[in-house]
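Before any questions on binding or motion, here is one chain by itself as structure tokens, the form predicted on its own.
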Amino acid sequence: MDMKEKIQKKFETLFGGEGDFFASAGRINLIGEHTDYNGGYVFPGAIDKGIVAEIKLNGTDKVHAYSLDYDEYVEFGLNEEDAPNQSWAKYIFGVCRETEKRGGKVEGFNTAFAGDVPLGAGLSSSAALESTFAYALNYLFNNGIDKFELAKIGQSTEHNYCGVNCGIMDQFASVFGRKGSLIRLNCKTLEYKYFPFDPKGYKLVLLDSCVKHELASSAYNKRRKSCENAALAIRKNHPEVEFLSDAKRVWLDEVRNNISGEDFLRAEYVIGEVQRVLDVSDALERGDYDTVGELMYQTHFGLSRLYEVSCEELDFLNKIARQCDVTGSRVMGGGFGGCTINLVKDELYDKFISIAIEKFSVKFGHEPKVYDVVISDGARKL
């Protein structure tokens, strides 16, 4: 039985009748890591793994929600004091509240939902959940909220109801995703452009190291501070530099003696990464996947040696990719664990996966998980 059928069966058992189906997607980011809070570019795409929900208005002021993945049923009202305790339900409640804050109408509904985004792999299952319900409520109540605001509803839900101070990329990709295209998003201006991504003869595959090192949140804040320090030093000579992404590499060299060696390395990575995103854009327009792949390797080097957010497991997977002639490979996401994203020629795929699993298992005592991904549509009614 496929996911939609399972949801349908559960919905009928719990609520009777049938509702409308809505879906949204998890996301990958091809390149542009740790650039978002530096006002730079990111390059995400929605993937063929996401959340599917069946929803029907119930004529009350209560939401009745069932998660198939957690096998859990929750009821909650729509006022601020009605917030549920379950973490998954907080996302739905937050979307309801944030929709109302924007003048949208929300009344009670019944819903059952499930997902196939691997949890903890950095594919943003939470953004998929938020975007599914933001899109659905907008459709069902004919609220006329634009797509940008739908993405911001998801982001505000994270900030105000889930305690995560995230950027806009994940929700943006979930709402705006388009099959066969990646989206270059300028995190400072929110301007965006679609780029064709349909690599015939290649597969896009994630290798999940299944590790998450504790360092992540404190190290993230420290790196963010390094970037702010470098931007501040450069701004004294070049007042137009609002974010580090506005700076030229030569301007960083001018302040080399005014900032710490660590701050210099972090800034060197970010300024290089902003340029790599633009170079990948040009390469995709030419259909030049060899260049895309080489730039992915350069990003990994920068994240590992300059930004220092990789770890032994991810560096090992990246090295195996090089040895197996994989076109491109890099750590994806914040770092300190999680996945590498790999662009692999079809004819090398089986060999690469088997060697990676075998060697990684011998070295680290467990297998990496393998997720094939295809660039797909974002939030939609099914």
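All values reported here derive from a predicted model rather than from experimental measurement. For every residue, the number given is its place in the sequence shown, counted from 1.
This protein has a second form, the form predicted in complex with ligand GLA, left out of what is shown; the following refers to that one.
For the chain shown alone, residue 220 is a contact residue for ligand GLA in the predicted complex, at least one non-hydrogen atom being within 4.5 angstroms. In the predicted complex, none of the heavy atoms of residue 306 sits within 4.5 Å of a heavy atom of ligand GLA. None of the heavy atoms of residue 313 is located within 4.5 Å of ligand GLA in the predicted complex.
In the predicted complex, at least one heavy atom of residue 167 sits within 4.5 Å of ligand GLA.
Look at 349-357, 53-61, 313-321, 327-335: in the predicted complex, residues with non-hydrogen atoms within 4.5 angstroms of ligand GLA sit in 327-335. Shown here without ligand GLA, the chain has 27, 32, 33, 34, 36, 37 in 11-38 lying with a heavy atom within 4.5 Å of that partner in the predicted complex.
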